[in-house]
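Only one chain comes next, encoded as structure tokens, the form predicted alone.
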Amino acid sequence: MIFLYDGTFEGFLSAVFDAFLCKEKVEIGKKCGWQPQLFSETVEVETVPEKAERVADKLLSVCGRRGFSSIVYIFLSEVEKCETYDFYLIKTLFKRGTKAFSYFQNEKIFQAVNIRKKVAREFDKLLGLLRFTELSSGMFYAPFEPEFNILPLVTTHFYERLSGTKWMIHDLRRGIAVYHAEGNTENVEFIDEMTSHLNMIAVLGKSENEEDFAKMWKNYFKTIAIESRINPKLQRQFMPQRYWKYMTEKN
């Protein structure tokens, strides 16, 4: 039985609610782009906030905020079949509590936990590697291209730390962004597909002071380096090369 939802986290939890008592083998996927499978019965799930809230409350009571965040991380991964792996992890959490996270003899649980680790690893790295540039408008802008859809996680982190600053974090890979000003954060709606993937630095330009700050940061980066102990392999381990494109000190 395949349960199709609208792509939102609330919709996913609604699908978990509807699929929970199903006796057949369950898969969960997004309605958008789903390819019909021969001999597979599909059910289109209606997103019902009350159902989603009941599942969320149960999860929080069973595994706490940290366990619940694991479910969110897996959902945000966008890995193939991540919703199905997430569903079986949730079912096991309800039965076994937090012991479910070490129930590796189950292939789906193993895949779910492995995905969670990869998302958490990228999130932790980008908290230190994300770079903001001051634009001519006075807004601080941070473009990036994460492997996983971690924009919601990054947004929460910087909302708490840059509450008094006007900023935008832009996932150029997915064409989505979040804008923050005067204590309010909202998703950005782009005009079209082209603008959603356009680096705003190229459009608006940098502020007058930005080049000076960039030079100071590059000089600091060079100054603290000990030439005899430079280890490119170790550097790439902590600063993966795929992130260098938007890092001031590497350009």
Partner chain sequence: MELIEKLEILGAAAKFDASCSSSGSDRRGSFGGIGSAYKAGICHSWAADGRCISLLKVLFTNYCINDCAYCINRRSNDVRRAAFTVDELVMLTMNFYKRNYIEGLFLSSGIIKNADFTMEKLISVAKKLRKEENFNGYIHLKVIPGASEILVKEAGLYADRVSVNIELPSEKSLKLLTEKSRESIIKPMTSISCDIIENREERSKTKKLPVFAPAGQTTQLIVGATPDNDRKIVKLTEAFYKKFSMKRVYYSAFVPVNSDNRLPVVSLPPLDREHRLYQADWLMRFYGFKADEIVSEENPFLSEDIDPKAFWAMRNMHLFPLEINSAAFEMILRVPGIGRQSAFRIVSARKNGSLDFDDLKRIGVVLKRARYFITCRGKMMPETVVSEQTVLEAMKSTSTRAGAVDHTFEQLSLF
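Note that the structure is a prediction, hence the values are computed from the model and not measured. Positions refer to the first chain, counted from 1.
Note that the form predicted in complex with its partner chain isn't included here; everything after this is about it.
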{"item": "Candidate stretches 103-111, 144-152, 80-88, 170-178, one within 4.5 Å of its partner chain in the predicted bound form by heavy atom", "value": "103-111"}
{"item": "Its partner chain contact at Phe75 in the predicted bound form, heavy atom, 4.5 Å", "value": "no"}
{"item": "Its partner chain contact in the predicted bound form: Glu210, any heavy atom under 4.5 Å", "value": "yes"}
{"item": "Close approach of Asn231 to its partner chain in the predicted bound form, 4.5 Å, heavy atom", "value": "yes"}
{"item": "Contact test in the predicted bound form: Phe20 vs its partner chain, heavy atoms, 4.5 Å", "value": "no"}
{"item": "Ser61, Asn187, Asn219, Asn199 - the one with a heavy atom within 4.5 Å of its partner chain in the predicted bound form", "value": "Asn219"}
{"item": "Members of 232-251 lying within 4.5 angstroms of its partner chain, judged by heavy atom, in the predicted bound form", "value": "Pro232, Leu234, Gln235, Phe238, Met239, Met247, Thr248, Glu249"}
